[in-house]
Each structure stands twice: as structure tokens, then as C-alpha cells.
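Given next are two forms of a protein chain, the same chain in both, each as C-alpha cells and marked structure 1 or structure 2.
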Structure 1
Amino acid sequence: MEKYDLPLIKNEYDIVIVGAGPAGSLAAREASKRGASVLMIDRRKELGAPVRCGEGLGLKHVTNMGIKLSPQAISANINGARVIAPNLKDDIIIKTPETKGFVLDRKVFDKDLAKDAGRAGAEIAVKCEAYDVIKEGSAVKGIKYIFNGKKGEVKAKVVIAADGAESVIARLAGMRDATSTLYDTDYGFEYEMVNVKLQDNGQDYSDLIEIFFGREWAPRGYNWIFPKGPDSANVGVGIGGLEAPNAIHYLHKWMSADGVKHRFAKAVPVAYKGGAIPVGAPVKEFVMDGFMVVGTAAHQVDPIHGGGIGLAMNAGRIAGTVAAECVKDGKTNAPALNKYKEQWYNEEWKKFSKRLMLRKVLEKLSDDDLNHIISNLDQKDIDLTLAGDFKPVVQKVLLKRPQLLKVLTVLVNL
């Protein structure tokens, strides 16, 4: 009988990508489509696991990235969001093009993205862990890895770090701000549950993502219900990093609160998920000589809700395109690769910076403030807020709560 060996990793590629999540796979797909030789590795033996997020993704990201979702990758179609005040009574229903999307099955979705990269020509090695970078002076020239129990080295003109929060490869390459401070880190924990009641008070919320605010059970964050089927959902909490050890405590405290506990009376967890989420500004520099960082590794995560799939895919798309062009031109130093940062900022920063400021404002609001605001805003106000036009919304809030002037003024000046 012939001995079966895993596919060999060649000694050199144009581009090596560490991490086969959404950012890595989009970078691999775009670079391969442009003729670059690409290797994408991931330390996991199964892509998409373990899941570290609520699995929500906006329709616009799917459309803009040219992705065809397989039916198996979609757990639920989402038509909007419901935001619930800390009193668990007042709420706002939001249904706009911005809130249309999906709750995914990440195990299927991530694997589908990797398959697309493979079909475009990228080589992929799972259960392959990068443990160091190869450097010549200040330039990154490849990585050192362990694959199939053996150590190896691979040279590359460009290495792309797409290995998630607290990126090991970015730190090894010398990016000092690859590690988030506790202030700029949230921690999410959730159950995937069955027997969750997705209806309440005669209303059906099975096509809405539900966000529950309340300092009592989610300090500097929120709780959520992301539907995944007729009676199943991701049920979780996102809180500030300093409170991370108490995440499960806060989740159970909310699930047992009088205004919501009836929805979990018969609920049973079938999976546990969680992880750190950088929610501050992106890393200062996206590139070094021969090196790029993308997605959660670059802290390209929405500062308000901690969602990173869409931002990660777009960053990967841009980085993969730029990397391939730079390889073709024979210039892979930092000034050449910096076209990626320039394009990302041009596409994302205006909205991202406003949401970063909004996050800092929300942190200063009390539960009583949030009860007041949510009870007085309507769909039009939310549309303006999502568009980054805060001034008319702030004016409306201040009419009845002028004491918030100092806190909210910063939003008017954006």
C-alpha cells in the first residue's frame, strides 16, 4: 500500500497568508486571481471553528465582495434589528438596507470562502502553524511553520497576517501596537441554544437581530439574540475587557431578568463560543517592508457592535489586490504596499471614525439616559445615526435632556 503524504509546501511563493478566516481567504482569492502564487495556512484543522462572534453579516458585504452564499452557510435571513432599552420595555425596530443580511454558519461560510480562494489558484494548508517570521534587516521575507509534525520555512515576497485578535505574526514581525489595550478590547461570550422563544408579546422577531442594552448585565456592552432557525439562536453578551472573567455571570444575570427570562425558560445550549474583540482604532501602520496585516489582526472591527466579518473581507480584498500588483511591479517595500492602507482609509475611515466616537459617547450614558433616548427616537432618527448624521438626533435628545449637552456635543461637531 502506498504511503499517503500531505501536499508539500513549496520553498517559495509570491504571497504567504497566515490565517484562513474571511480576511485571509479574500486576500488569497484576489491575489490568486491576479496571477500571484499564493499559500494560505491556518493552524486549525477545521476552518470556521471555534466560532468567536455572533455570526452576523450584512447583505451589502456579500454583494460588494462578489460572494455567492451557499444555502448551507445561511442559518437565518435577517431583515432588520431591534434595539431594546435597559428597562426591557422600550425598543426601536430598525429596517433599512443597512440592516438586511444573514446570520451565518461560520463553519460552512469560512470553508466556502477558502474554497473560492483555492478555485482561484491559492494553495491551502490547514493544521499548519506559523511560529516565526523570516527577516532580512527590517524586511519580512517569509515564515517558519510546523506542518504535519515537521518544521519548515517558506520564503515570500509578501507575508499577510490574517490571524485574528492579538495577531502572533504581526507581533513577531515587529508591529508594536498589534496588541490591544484592555480599554480597547471587548470580550464576547455566547451560547448557541435551541428552544429559544423568538416571539414575544405577540410579535415575531425571528428575522431580526435583537440588541439589549443595560449596564447591570452588560457593562460597556450589550446582550444579544441572533436567530439561527425557528427556535434556535446565538444568545450572548459583549462586555469591556476588564470584566471578561465575569462574562458568563453577566449573561446568566440578563437571561434570568424578569423582562426576558420567559424567552429562555426551556432553552438548552448546544455550543459555547467566545473570544476577545478589539474595538478601538485600527493599528497605526498596516504595512512594513514585505508585510501586511488585515482584518481583526489589524483591529478593523466595528467599534459599536464588534462585528468584523464585513470589514475583514473588504480589508482582505484590498490587501490581496495591492499585494499582487506590488509583486508584479517588483516593489514590495512599505511605501509600495501602503496603497492598501490608503485605499482602506478612503473606503472605510469616514464611517469608522464616527462610529469610534459614538462608542465613546455611549460609554458615558447611564441606563436612565439610554431608556430616555430609546423611548424618544424613531426609525428616521436611527437612519440618520447610521448614516453618521448625528446633529438632528442630538438636538432632539437635548430638548428633553439638556444635561447631556457636554456628553453629546462631540457628535455634533463630527
Structure 2
Amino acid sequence: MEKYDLPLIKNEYDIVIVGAGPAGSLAAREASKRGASVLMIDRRKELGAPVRCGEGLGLKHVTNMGIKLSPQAISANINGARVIAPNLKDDIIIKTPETKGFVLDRKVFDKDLAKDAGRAGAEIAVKCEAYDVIKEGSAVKGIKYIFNGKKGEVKAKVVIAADGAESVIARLAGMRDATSTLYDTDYGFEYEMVNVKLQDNGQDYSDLIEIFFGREWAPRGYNWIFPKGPDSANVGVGIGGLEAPNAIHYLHKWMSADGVKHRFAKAVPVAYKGGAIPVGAPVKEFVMDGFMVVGTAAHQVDPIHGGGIGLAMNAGRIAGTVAAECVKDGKTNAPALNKYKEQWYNEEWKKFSKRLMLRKVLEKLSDDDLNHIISNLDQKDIDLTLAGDFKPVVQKVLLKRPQLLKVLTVLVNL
């Protein structure tokens, strides 16, 4: 047997992907499957860690992406969502095929996705940090990296930036709007805890993700309890970037509030997680000559719940496919690569734009409004709303709150 050594990074690949999260790994898998030579690099020594995420993922994303979840990747099976009013009393419970899903163990999940990419033929280098992009004129030609203490350069026909919220690669390439702004970003902090009471009001909530709204508890965001097991959960908060002082302050305030504090009486953290969550519109351009940006790096994050895994995987899948096709055609300039953006808009924009609008509406509602709305909705209202028919609910709310007319009209027109 020859002496083992670390993987050798060649001087050139068809496609180089920076970041081995869900977006990067799906892009690597799809591009490799289509015969492109692919290198995927990641700064971290262990993919999936550290986790900085609520770890929720809808079942439909798993099905659509053709992923087989290993049992170890699933922390809890989820059947629905419980939305709690700012008064911490009134709630609605939503159970539909849309709300079926999982709370994942991202450390396992992300690594599994990377392994799939490796099996499809992608070369992978961990503990390999991209510190600059190589540009010629307006075109991206490769990246500069440092890998296990050695600096190097690698050329690529297409560089795909999948480096998460920091989006350093896209910004080095010249996409200024990939910077997160305080206005369009939520900042999150989360404990993974044991001894969390997932039962309350005589009910079992261990198969529900729980979402708590309220300006007092999470201005321009929400608090959450995502079960990670019978007595464990991710307990977190996201707040708007313009809110002071910071996320952890609001998390502690909410965890100390009457109405929820009994659920954390014996809880202790086993992990701290946090991060920036871009909840505004995606970046304006998804491609440049020889360059694509995918996932949270492209601000492809659900504007309402801040989830990014599903959107990231789909963007990665599309981008990887398009990149491989463009390489095959010998045309990797921006107009050719832009097929990725077109397809993404075809598949995602209708829903995404509605949810951007809904976010604007939610931001205008006071705690009092939310208490009123949540306490007055019955199951039929919820079903109609989920089916996309906001009219009956809006009418019901307006009967008692005519002052909300302006805010809520937009929902009727969605």
C-alpha cells in the first residue's frame, strides 16, 4: 500500500464550491453526477459543526431532493406547529402535510449530504479556507485558499459560493448587497437544552415546533421551542437587527416570563448556537461571469420562519445542474449561468414573494392585534388561511379591529 496522505488539491477543476453546507453539498452532488470535475472546500475541520440553526426541515424538502435521512440525522419527527400569542396563553395548532417534518441533527445531516457529494465523485477538502477570489476583469477565475497550513490557488470554470450568512466569497467577488443589513436581518441565539418540559396545559407538544410571537419577547422575530427528543429542545430567539440590546437578552427575558418559565425550571444548556438570519429579499444577482452564489449566502431564507435548509438545497441542486451543463457547453459567462436564477425564480418566487409581503404585515401588527387575532381564530379559519384564502380571516378580524384594514388588505390580494 502506498503511504496515505491528505487529498491533493489540483490546479484546476470545472467547478469549485466554497462551503459544504446543504447548498454546497447539493451543488457538488448534482454537478458531479453530470460528469463535471468538482472540488468542494470548507473552512471547518468537521462538517456540520458548529451548529448555528434551529434545525427544522419540512418533509417535502427531503422528498424533493431525493435524500434518504439516516436515523441519526433525525432528532425528532414533527407533525405540526403551535403558534402562541404574545399573551403566552392563546395559541393555534397547525397540522397539515406542509407542517410535517423534522428537527435534524445538523452535525449528522450536513455530513451525510457531503458524503453523498463525495460518492457522486466530488473531491472534498475540509479545513481548507478560501481567503480570496481570483478575478480577471469582471470574471471570477478561481479562489485562493489555505489548506492545512499551505497556501494555494485553484482555477475553476465556475466558482459556487455557498459559504452561508457571512457570504464573504460573494462580497469579495463584488456582490455588495450580500452584506447583511441590520434592517433585513434577524440575529439569533439558541440553547440546546435538556430537561425542557415539552408538555403544557395538559397537552403533549413534543411533535410540534412551537413559535412564540411578541414584541416584548422577540421584536421583529420570534421565540421558539424545537423538540430534539422527549426532554430536549432547541430553545431560541431571533430579533430584528435594529433592536437593542441583543438576542440573548431577549431569550432570557422570555424564558423568565410567566406562562413559559415553568417549562425551563429544570432545563440546562448542552450547547450554544447563534447567527445572522437574512430575512429580506434574496441578493439581486445570483451569478457573475464564472460565478454563482447559493443558499443563505444569497439570502435565500424564508422571510417568515427564517429557515434556510430547504431553500439552500434546492438552490444548490439547480446551480450545480446548470453549472455542469454550462461547463459541458463551454459557456460559463453570466448570461449562460443565469439559467440558475431563472429556474430558481420559477420554482420559488411565487411563494417567497408572498411571504416577504406577509412579513411586512406581521411587522405592522401590535401585540394586542396578535393576541386578538390568535384568540379569535378557529380551526376552520386556520384551514382556509393555510389554503391561501385570507379573506374570511381578515373579515373576522376587521369586524372588531377596523383600524387594521390598511395593513390586512394586502393579504387579501396575495
Partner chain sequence: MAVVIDRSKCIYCGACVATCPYLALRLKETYVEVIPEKCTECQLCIKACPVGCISLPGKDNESKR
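Computed from a prediction, not measured in an experiment: that's the story for all the values here. Numbering for residues begins at 1 and runs along the sequence of structure 1. Take the two forms, find the largest set of C-alpha atoms that superpose within 1.5 Å, and that set is the rigid core.
Shown as structure 1 is the form predicted on its own, with the alternative form given as structure 2. Core-superposed comparison between the two structures: the Cα of Glu123 travels less than 2 Å. Taking the rigid core as fixed, one finds a CA shift for Asp91 smaller than 2 Å between the two structures.
Fitting the two forms on the rigid core leaves the C-alpha of Asp302 displaced by under 2 angstroms between the two structures. Superposing the two forms on their core, we find that the Cα atom of Pro245 is displaced by 4.5 Å between the two structures.
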